[in-house]
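We begin with a single chain expressed as structure tokens, specifically the form predicted alone.
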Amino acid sequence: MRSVEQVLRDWEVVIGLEVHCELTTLNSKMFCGCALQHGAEPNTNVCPVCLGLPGALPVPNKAAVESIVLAGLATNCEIEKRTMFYRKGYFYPDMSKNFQTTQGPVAFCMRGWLDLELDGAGAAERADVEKDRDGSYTTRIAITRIHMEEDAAKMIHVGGTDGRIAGADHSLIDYNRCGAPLTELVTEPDLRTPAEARRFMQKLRQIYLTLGISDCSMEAGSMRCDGNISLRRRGETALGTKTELKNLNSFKSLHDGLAYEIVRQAQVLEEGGTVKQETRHWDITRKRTVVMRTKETADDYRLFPEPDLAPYDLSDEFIDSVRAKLPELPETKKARYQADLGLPSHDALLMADDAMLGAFFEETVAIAGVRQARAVANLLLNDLAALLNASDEVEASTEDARITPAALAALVGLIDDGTISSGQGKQVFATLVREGGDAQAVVEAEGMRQVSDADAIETVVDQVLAGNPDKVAQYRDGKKGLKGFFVGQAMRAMRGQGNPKVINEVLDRRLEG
């Protein structure tokens, strides 16, 4: 099969996302008082309402409505004051009442948008946009709506080889999740590459984490994504036939699944075939998409207003009270890191996108001082992730590091005042990440204190020059690159503890004098 980049030369990809997010930080379900308790014994947090027993009446969860309004405000949505819930026909064992309570044409949150910044390999996927000098670009993705609905039960297919219903011996159902408050964000078909889709999900996840409305665990299923994708020849405006891609439970699966489907659809169309409107499953083991079912249409769901729930009338006072709870969002934080702390755009973006790392960074800078912000960011962005994941197949987080902000602040101070070199600083940093402790104590224990005494360094430099008279002559004849050789020899003689800055200054005096 061809690569995505090759396909994109001839075809324009049209992608829309549907992002489901369970409001895991709430205490109870959407329409009843059952506890939201992950990991509880199956079918213990259930009641007549979430089981759909006759005569049971739903009662809306006010905290869930606050959470979705918060999500809408954070994604530039207009908050609709008057909305209502509908019944959506849903004949499947994981919804025992045979319908799902969801919102209809008008959702709580409508007509929003997010701006995406793409750089590096992500930006390289798209050749039809004007890019900045560094190869990056920004694109705006419109959000159609964010609506509220209830989640379905969890089905576990026993037997077979891949945990799917096909080939299973039997299925088990845990209704603990049934009725959990679930938001669904639907984008306009504005995304044009798998990289843009991945970046959208990453940005949305960080926003939701910052708001504190969900743990956003894609692995556990509390945040999951479906992708609608179609192709059209470049220059055309009519949309092609779309397929819906399911089981995108990680950023990698989202990117790889969309990339495969792009190439598959292009091959079908170029061979004279027709793309069918269907739902497909991303098989992570086989690295391909497979057909699940023919895609339903809106008529199949038979939506009609929920007779047991009155329409919502959100007041201005309620919306303003939710707006007052908005924290600093990643985009605002990025701008502050650039303006106040002097971080480059890319570094500021990475730091702002990781709430835990950003908090660690800010606490360290508060101790070390603003002047050290870039030094702190360099160690955290360039060294921390590599150290945490060096011997781990599972992605680690800042929580796994034993270093404290105070220890990191002390470390950058030791590097700045010349007590240790930047190379030694990386070694101390690695020790602190693995073992914790005090930076000064590690330096003393490892005998790393940097020698900055000019007299001692002059003695070593004189010995190096005296031992290499031919290279000194070559340097003075114009071969200036040999200076690095002299610095290396001096550092070796001082067992790596010489201050490179002082060594260079002494060499300049001796060689140029």
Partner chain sequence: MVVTRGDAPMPVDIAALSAAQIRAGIIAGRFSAHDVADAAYAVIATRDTDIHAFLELTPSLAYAAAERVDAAKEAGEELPSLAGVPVAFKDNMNQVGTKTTCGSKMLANYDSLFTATAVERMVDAGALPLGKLNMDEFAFGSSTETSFFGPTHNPWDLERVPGGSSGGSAAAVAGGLATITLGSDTGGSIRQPASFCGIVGYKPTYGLVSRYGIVAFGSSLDQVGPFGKTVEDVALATNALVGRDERDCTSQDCGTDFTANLHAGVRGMRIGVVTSMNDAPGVQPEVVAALHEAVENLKGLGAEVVEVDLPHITAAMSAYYVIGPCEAFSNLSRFDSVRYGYREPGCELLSSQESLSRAVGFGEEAKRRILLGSYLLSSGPYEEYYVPAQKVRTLITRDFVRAFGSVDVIISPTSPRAAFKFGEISDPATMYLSDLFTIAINIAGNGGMSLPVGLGRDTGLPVSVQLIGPQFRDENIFQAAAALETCYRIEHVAPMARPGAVSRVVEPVMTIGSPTPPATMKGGE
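Every value quoted in this text rests on a predicted model; they were computed, and no experiment measured them. Positions refer to the first chain, counted from 1.
One more form of this protein, predicted together with its partner chain, exists but is not displayed; see below.
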**Prompt:** Going by a heavy atom distance of 4.5 Å, is Pro305 a contact of its partner chain in the model of the complex?
**Reply:** yes
**Request:** State yes or no: in the model of the complex, is some non-hydrogen atom of Gly488 no more than 4.5 angstroms from a non-hydrogen atom of its partner chain?
**Result:** no
**Prompt:** Could you tell me if Leu57 has a non-hydrogen atom within 4.5 Å of its partner chain in the model of the complex?
**Reply:** yes
**Message:** Can you work out whether Leu329 and its partner chain are in contact in the model of the complex, taking contact to mean some heavy atom pair no more than 4.5 Å apart?
**Reply:** no
**Item:** Of Ser250, Ser345, Ser96, Asn76, the one that lies within 4.5 Å of its partner chain in the model of the complex (heavy atoms)
**Value:** Ser96
**Asked** Can you pick the one in Leu482, Ala445, Leu53, Val451 that has a heavy atom within 4.5 Å of its partner chain in the model of the complex?
**Response** Leu53
**Item:** Proximity to its partner chain in the model of the complex (heavy atom, within 4.5 Å), stretch among 378-386, 168-176, 426-434, 263-271
**Value:** 168-176
**Message:** At 4.5 Å by heavy atoms, is each residue in Pro48, Arg87 and Leu309 next to its partner chain in the model of the complex?
**Reply:** yes
